[in-house]
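Next comes just one chain, in structure tokens: the form predicted alone.
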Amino acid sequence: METAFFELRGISKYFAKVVANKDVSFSIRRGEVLALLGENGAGKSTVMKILYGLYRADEGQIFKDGKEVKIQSPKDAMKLGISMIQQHFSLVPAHTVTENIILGNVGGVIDQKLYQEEIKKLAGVYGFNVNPNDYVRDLEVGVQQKVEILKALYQKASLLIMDEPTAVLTPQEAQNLMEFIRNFAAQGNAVIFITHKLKEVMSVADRIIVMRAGKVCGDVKRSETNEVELSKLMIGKDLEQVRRDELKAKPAQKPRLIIEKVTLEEQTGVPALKNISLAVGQGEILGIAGVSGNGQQELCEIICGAQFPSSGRILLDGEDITNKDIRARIEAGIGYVPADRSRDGMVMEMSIAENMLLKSSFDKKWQNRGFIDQRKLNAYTQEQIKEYSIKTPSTEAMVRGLSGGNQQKVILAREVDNGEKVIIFDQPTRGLDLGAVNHIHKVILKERAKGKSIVLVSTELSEIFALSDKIAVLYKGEIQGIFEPAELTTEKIGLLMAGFKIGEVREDAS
């Protein structure tokens, strides 16, 4: 048998009482693309950080070409030809592409022109359209990722580890990345990519390692499996698929939420939102698609009252609420599930019951002679725990101790209750496992069926297509167009997300 390029044997890692990895063993050969698949918290990133030297294993061994190696730092990993591109890029925005790539790799007097030419040639070899003189701060997210890859290639990496590499890319950029991965591996190198997206796994991987609860629970060839089998391995049970047509709402009535020509000027004078006009009817889900950082958060905050527009109007059931504050909008029936749950959605040092109360503490239903009616609050919280299957020992448990999925369910329970008319969901399933995602999708459809107006912001196109009645595409704070789901293909929506105009898209996608 061919000797493995790299092999992990019996790797275990513990954080206090938490078992992150337990007896993890697998190998990768030269010329192979290996997908590391698993739910959030399955231990994928931890074991790869051990291979890259960011963490040290408590137990186990690592081998290269059959010989044991000690990797105690990223510097050790790089000497062995291992490079890791993490979800959050490690680039310096104030430096140029060239400066970022050579940073830490060269010393003494630097001949900028010489290195710029080197980087230009390297980019050309892999078909990357990157200008070595551009500043990283001015680059699109997809181009920044190419710079990260070039940095690894410049270091002569032969094993590339990529953590959720398509999370910030348009469909076209993701497709180009998959092409690069195939070509890189075909040259005798190897790629391990960490993901939870089954479609990507089936499109590029030669072999798939499935992890669950810190252990390897599957090692399969792509040709011998399918998406259903892989999802079963990931969560340990069959998953009931959510279908939008199962919960039909009443025919769309007149728009409930109307946004008219809204512009939001930032302090720099650059508009974060530019002339936005949208309408959401009762019993309707409006999906907002786009790459992160194109004005989605600002749009959500404008609707919920956290920011006020520089110009334009917001109407709820015909009433102008443009200048109403957050409390007034809560009272008007607007709920908001924010993208960053720990920063904007809850107070981590408070209990579940206290977090349930956060946005309605002024409501007289919780008051008993000037004090909070704790018995009533606990009873209500217990109902929500049961309704949303929140795993917790009691209503008094601190939310900090809950898993990400259970924290999201706490926010969901509160905001669904608050949002009697409108609910804004900003990245509601980001970082959650398949079971939690499935549950949240069911909640969204259930509220739609009750006649509520839903604004769904997501970078997951599969989620947008599965749930939305209408889809608006946002690019650099502007609406590229509003469509029926049937009007859009993945290719077409990808071009719109990249800034192409409607006419250009029709021409390109035909």
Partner chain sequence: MVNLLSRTIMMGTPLLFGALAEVIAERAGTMVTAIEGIFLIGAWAGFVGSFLSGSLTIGFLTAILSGILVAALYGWICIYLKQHQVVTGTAINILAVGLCAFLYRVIFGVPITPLTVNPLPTIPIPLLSKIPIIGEILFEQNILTYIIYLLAPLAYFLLYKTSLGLTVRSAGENPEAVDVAGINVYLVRFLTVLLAGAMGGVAGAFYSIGFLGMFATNIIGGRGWIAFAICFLGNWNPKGAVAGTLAFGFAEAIAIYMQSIGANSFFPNELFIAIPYIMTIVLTISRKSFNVPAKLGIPYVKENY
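Rigid core (definition): largest C-alpha set, two forms, superposition within 1.5 Å. Quick caveat, the model's predicted, so the values are computed rather than measured. Positions refer to the first chain, counted from 1.
The form predicted together with its partner chain is left out here; the points below concern that form.
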- Task: State the residue from 156, 121, 75, 365 whose non-hydrogen atoms include one within 4.5 Å of its partner chain in the predicted complex.
- Result: 75
- Note on the structure: Students should find that, of 90, 323, 129, 223, the residue having a non-hydrogen atom no more than 4.5 angstroms from its partner chain in the predicted complex is 90
- Task: Pick the stretch from 225 to 233, 91 to 99, 169 to 177, 255 to 263 whose residues have a heavy atom within 4.5 Å of its partner chain in the predicted complex.
- Result: 91 to 99
- Site check 54, 106 and 110: each within 4.5 Å of its partner chain in the predicted complex by heavy atom: yes
- Any of the heavy atoms of residue 13 lying within 4.5 Å of its partner chain in the predicted complex? yes
- Message: How about residue 86 - does it come within 4.5 Å of its partner chain in the predicted complex, if we only consider non-hydrogen atoms?
- Response: yes
- Message: Checking residue 84 here: with the core superposed, does its CA move 2 Å or more between this form and the one not shown?
- Response: no
- Query: Against the rigid core, is the Cα displacement of residue 111 between this form and the one not shown at least 2 Å?
  - Reply: yes
- After superposition on the rigid core, does the Cα atom of residue 316 shift by at least 2 Å between this form and the one not shown? no
